[in-house]
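Below you'll find only one chain, the form predicted alone, shown as structure tokens.
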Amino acid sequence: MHLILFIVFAGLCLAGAINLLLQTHPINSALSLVVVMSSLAVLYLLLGAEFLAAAQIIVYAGAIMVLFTFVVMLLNAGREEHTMGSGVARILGFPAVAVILGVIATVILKAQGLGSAALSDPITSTEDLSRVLFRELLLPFEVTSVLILIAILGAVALARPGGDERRVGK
């Protein structure tokens, strides 16, 4: 049952990622990214990492994607200009992708013991993880939240219409 769920949600994750790249409208791309983040949360659940799955849904699929969608809608981003891209990238890109996929396929086929997994350390509890996160890593945690707040304020300041007309002392 776990294998079937893994295959379904890994495929959904890959389909969402490919759809993210193929979409022309930014809102549709953001919604595809929500599908990817939600599928990753289910994959975390299958691995037995319930805390990471909940954090994935709350932080990434919830808060960050709402922020992305808000910024995209605030900036009123429409369709982008389509270009043909670089000729060199087109000529070298497809063979490079074929070589990389060939190397990955060779490594997977030659690897021994892919079906076995073992835990060497005991599973860390949510209490231990939260103790590390909110005691020893509190400063990076708070710095990240301040940086996200600064990014939001910067996006609002850049999207404000007539920014040059509202100068102080005018």
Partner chain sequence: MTILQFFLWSLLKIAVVTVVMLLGIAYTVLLERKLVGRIQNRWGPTRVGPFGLLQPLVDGAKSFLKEDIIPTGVYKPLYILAPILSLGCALISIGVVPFGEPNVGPGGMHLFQIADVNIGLLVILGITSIGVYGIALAGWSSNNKYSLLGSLRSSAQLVSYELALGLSLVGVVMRAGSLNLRVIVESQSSKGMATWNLFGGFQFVAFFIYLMAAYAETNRSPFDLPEAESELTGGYHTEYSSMKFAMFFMSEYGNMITVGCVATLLFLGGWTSPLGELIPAPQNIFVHALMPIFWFVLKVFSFLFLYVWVRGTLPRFRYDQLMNFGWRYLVPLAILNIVATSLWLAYQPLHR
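Each form is matched to the other, and the largest set of C-alpha atoms that superpose within 1.5 Å is called the rigid core. Numbering follows the first chain given and starts at 1. Computed from a predicted structure; not experimentally measured.
The same protein has a further form, the form predicted in complex with the partner chain, not shown here; the description that follows concerns it.
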Of the residues spanning 6-36, the ones with some heavy atom within 4.5 Å of the partner chain in the predicted bound form are His25, Ile27, Asn28, Leu31, Val34
Core-aligned C-alpha movement of Ile148 between the shown form and the other one, 2 Å or more:
yes
